[in-house]
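Below, in structure tokens: the form predicted on its own, a single chain.
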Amino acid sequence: MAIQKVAVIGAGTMGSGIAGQVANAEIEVWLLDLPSDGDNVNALAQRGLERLRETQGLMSDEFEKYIRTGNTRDHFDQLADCDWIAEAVVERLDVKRALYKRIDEVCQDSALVSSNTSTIPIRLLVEQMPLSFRKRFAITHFFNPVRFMPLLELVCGEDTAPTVMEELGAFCDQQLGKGVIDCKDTPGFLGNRVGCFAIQTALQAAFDMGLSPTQADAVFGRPMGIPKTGVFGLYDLIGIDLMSDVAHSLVGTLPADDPFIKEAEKIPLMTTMIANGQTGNKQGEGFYRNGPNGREVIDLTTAEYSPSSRLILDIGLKAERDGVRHLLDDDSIYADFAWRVLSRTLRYAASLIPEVGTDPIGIDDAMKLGYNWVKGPFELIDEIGVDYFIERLRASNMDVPPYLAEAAGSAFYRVKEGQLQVRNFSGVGRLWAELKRDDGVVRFNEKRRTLKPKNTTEVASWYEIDGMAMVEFHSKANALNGESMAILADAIDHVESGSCHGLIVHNDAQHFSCGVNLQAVRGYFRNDDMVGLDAFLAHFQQTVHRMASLSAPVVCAPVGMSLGGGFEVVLHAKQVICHANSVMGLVESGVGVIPAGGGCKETLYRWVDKMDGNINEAAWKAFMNLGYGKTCSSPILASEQAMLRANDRYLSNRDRLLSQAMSAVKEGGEQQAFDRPALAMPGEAVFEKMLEWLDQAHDKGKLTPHNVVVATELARILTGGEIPAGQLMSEQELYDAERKAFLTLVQTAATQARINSMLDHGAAVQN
């Protein structure tokens, strides 16, 4: 059954988010909530729509046209021809049951019905409903924010028809872009069961061990492969009151002997903070706050705030680079904290098998898709070492769960005969089984385990897949340096030689690439090595130019952020197949330089195409975009800003990007060649107008002095500077102009101050 019309009942954070994602799939959706008193009877639903605007829940404003707002009194008849009705109302069983009876009276017999609940068992939700309703009912548990969090937990009831699970799963995967995990009807399902346990364990450990929020977050963050917010930052982000409610609602669904219950014990300081309104970012004050002199952190003993700066630990950096085991091989309090959190969390995850499933895939996927962990719990155990982990648990007088004990001397994942396999619980027969994904789903982090790189460095590698060269950046934030470009160049060499028949640039990390490594740039100017910096820039330009000039297919498949130099790589692909949530832009002006890897050149050419050859209008468009470091938060917006071309496209499910990129290279049908003839430049008159605009903006306080300096160099590149209108500039001359401007700016004290500030404090000084 094709889902062509959807209703979402409940316009709160989750309901509006679900409706927004349906609209992003270009499908009609009715967003209903209770009727309001006063002139605007649909006020609650319309507030949900406003929330989508505030949180970028829609890829573009144009997708609002797919959303209809209404109320459950006047518009309930709209459910009559809906194909899917998603309930996202308050977590009260009586309210939900009453709603289901109304839905059953109105909806068509084939309509799918689901609840977004994460706390009420499915059997309780529908036990008063007829079998005909129960057969088409499931739980679709989305994660917040719905647009950006990939996880969807799909829960089947005792009577749910298999076809319903298949239809909902396929729709949420292919249309809504979700990583769908089939879950048993167990407390907290998978994501929250393990994720909340990890968070609560880290919270309790910090209080018990006397660590400050800053210290705890320095460990329970990137060093563990967990988002940098850490535990206290995450509590502030979500809301201390809301996170506390989630933990305690989960407690009410668990057996009395579940270890989570102890980890979720209330902490007096947090009870006081909630009573005082210190509930996190939404109130401007939680464990952290912005004080008069910058960021401040609360003392967990005195409840007083004091200045705080981000703490970076040597063992944390080593763990980020070489693996989480380095957090444990240390005699510091940070290592003790890491062991307490990891030992309890990973042991807890292992103890859930076979209650929640017969293999680790579901739990690992849930933590990666729902909590943004780099590796799932069982992947972490494999990295730490199963035997090491078991021995240390026993040395700490902790029981070893049966599923973990079974893995002694082995692992949970292995590669055999070129296939990635996963360990099953012994009670299900076959011990090892091939890890299979749905057709079209290929995760490179899994594919990589079955391959050997053709060439590799610390920051990048390339592999041969089905006769194609695939380049992966894998440095911190996938920042690019000379080695990154050398790997890309080597892969291009093999395509040019005919040993590979196409090129793909892709990774499935959180971000494709956040740009050129600023540390490397700082190294050049501190050593006064402008010759070396110019050589690096020239090689960067030559490499991306070769991408654009290859006679073979070239596809970039970016996810997350593609910024600065990372986006310059994307700009030179013959086709881009990106994720629907890709963020793109050239942001170099913020740190006092200009794009010098072909970004200025390519932006100008693309605007010339978009402006039907009007070079003056194109120069102004490029000037504004590059000067303000404009970024676009969706491919729709990127296309409007000439960042993507007509043959570029996007997918809602990031796990399908690599498969589609491989198909595009094999077929070669949508590749668009680069035609970059010499341009008749706007010349001095337009250049002077841009300088005049800059002076006026500075006089009005809209631009800092150095912003004017940087934008002047941009204007010089995009117009040709002090040359007659119509004078031709070749593509190579534009490349050369970029490098010259970059070198000029990087030698100024103001640009160096911005770069130093960004590297040392996380934000560029405004000078």
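So that there is no doubt, residue numbering starts at 1 and follows the sequence shown. Quick caveat, the model's predicted, so the values are computed rather than measured.
Quick note: we don't show the form predicted together with a small molecule, though the next part is all about it.
Notebook entry, point to check: Is the gap between residue 19 and the small molecule in the predicted complex 4.5 Å or less for some heavy atom pair?
Noted result: Close contact is absent here: in the predicted complex, residue 19 is far from the small molecule, nothing within 4.5 Å, heavy atoms only.
Check: Is residue 757 close to the small molecule in the predicted complex, meaning a heavy atom pair under 4.5 Å apart or at it?
Finding: Judged by the heavy-atom cut-off of 4.5 Å, residue 757 is well away from the small molecule in the predicted complex.
Check: Do residue 378 and the small molecule come within 4.5 Å of each other in the predicted complex, heavy atoms counted?
Finding: Answer no; every heavy atom of residue 378 is more than 4.5 Å from the small molecule in the predicted complex.
Margin query: Check residue 231 for me: does it contact the small molecule in the predicted complex (non-hydrogen atoms, 4.5 angstroms)?
Written below: No - in the predicted complex, heavy atoms of residue 231 and the small molecule never come within 4.5 Å of each other.
Next item on the list: Select, from the options 29-37, 57-65, 707-715, 724-732, the stretch whose residues sit within 4.5 angstroms of the small molecule in the predicted complex by heavy atom distance.
Entry: Among the candidates, contact is made by 29-37.
Checklist line | in the predicted complex, the residue from 237, 361, 99, 154 that sits within 4.5 Å of the small molecule by heavy atoms | finding: Filtering the options by heavy-atom distance leaves 99.
Next item on the list: Answer with one of 694, 89, 251, 149: the residue that has a non-hydrogen atom within 4.5 Å of the small molecule in the predicted complex.
Entry: Checked against the cut-off, the match is 89.
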